[in-house]
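Presented below, as structure tokens, is a lone chain in the form predicted alone.
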């Protein structure tokens, strides 16, 4: 059984990814989605421009002090930097572990509600993961998406299907030596309260780990990437940062096994500043936390928004300066040491309804 062969390596890499004071840069946007980001700064969506942008990120001096891993889109994993060296080598030179998005996207869930989906990509995944490992990837990511609606979503069918898909993915990539990041995202769409989010999230994550147990997933060689426990974007009651932190940790303590080495939160449409503040609040008082998992970040938009605007297609120094600043802010937040506003970050809302990539 290949999993047994990789167990020590999986555990070691999961612990490295969950290093205290470090988080994960999610730069795995599909070609279509990164095109929208580039369009926002007036840059054409070409392979050369995508290479230039991601190459700028991966040559940011000192980034490895704050970032332990980077999730790549398949194109990037096989790409060379403009200077001819591979993107994988650029990351390795910074001390950053390369990872890879392995799911094939969301599809409508037959028998589910109007907004319910399942994630595709299990066919041939063990073999694909082996090729990604050979190329230099050491961890993987798979995103399942669930949505809370007033007519009963997520349904039991949706929860079961997405939990099973996450568990099958996790076991499959472990067979080829990749640490799975398990991502059951609860979208912010809707007008539900934070209490409703907590209720749904608790059930979803419990079912994920029940499925992981059934599939023999090696939990010490995994990470969890959940949403923060927040109000729906249209909820008239706005979230108090301390309550968000308390509810988020409480919810995870009820359903995340202590054997999982790290929880790396997604930003889910929060602004850069809010994502940092909420994470900081989760780490300011860890004395009474029931589990010892490292609580950190795996942000995409909340690490790249100001960076993209500063880069503008050609300003490498400006883009890298913005990236280091926000990476440092979140590193401090993962240790409970971030002072709000101490780093230049944007409080612009990044929420996009029905966000898929």
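Note that this is a predicted model, so its numbers are computed, not measured. Positions refer to the first chain, counted from 1.
Note that the form predicted together with 1,3-dihydroxyacetonephosphate (13P) isn't included here; everything after this is about it.
Though the partner is left out of this view, residue 183 does reach within 4.5 Å of 1,3-dihydroxyacetonephosphate (13P) in the model of the complex, counting heavy atoms only. Although the partner is absent from this view, residue 301 contacts 1,3-dihydroxyacetonephosphate (13P) in the model of the complex, with a non-hydrogen atom inside 4.5 angstroms. None of the heavy atoms of residue 147 is located within 4.5 Å of 1,3-dihydroxyacetonephosphate (13P) in the model of the complex. Contact check for residue 225: a non-hydrogen atom falls within 4.5 Å of 1,3-dihydroxyacetonephosphate (13P) in the model of the complex. Proximity to 1,3-dihydroxyacetonephosphate (13P) in the model of the complex, taken as heavy atoms within 4.5 Å, picks out 266 to 274 from the listed stretches 266 to 274, 128 to 136, 170 to 178, 91 to 99. Of the residues 26, 329, 67, 57, just one reaches 1,3-dihydroxyacetonephosphate (13P) in the model of the complex with a heavy atom at 4.5 Å or closer; this is 26.
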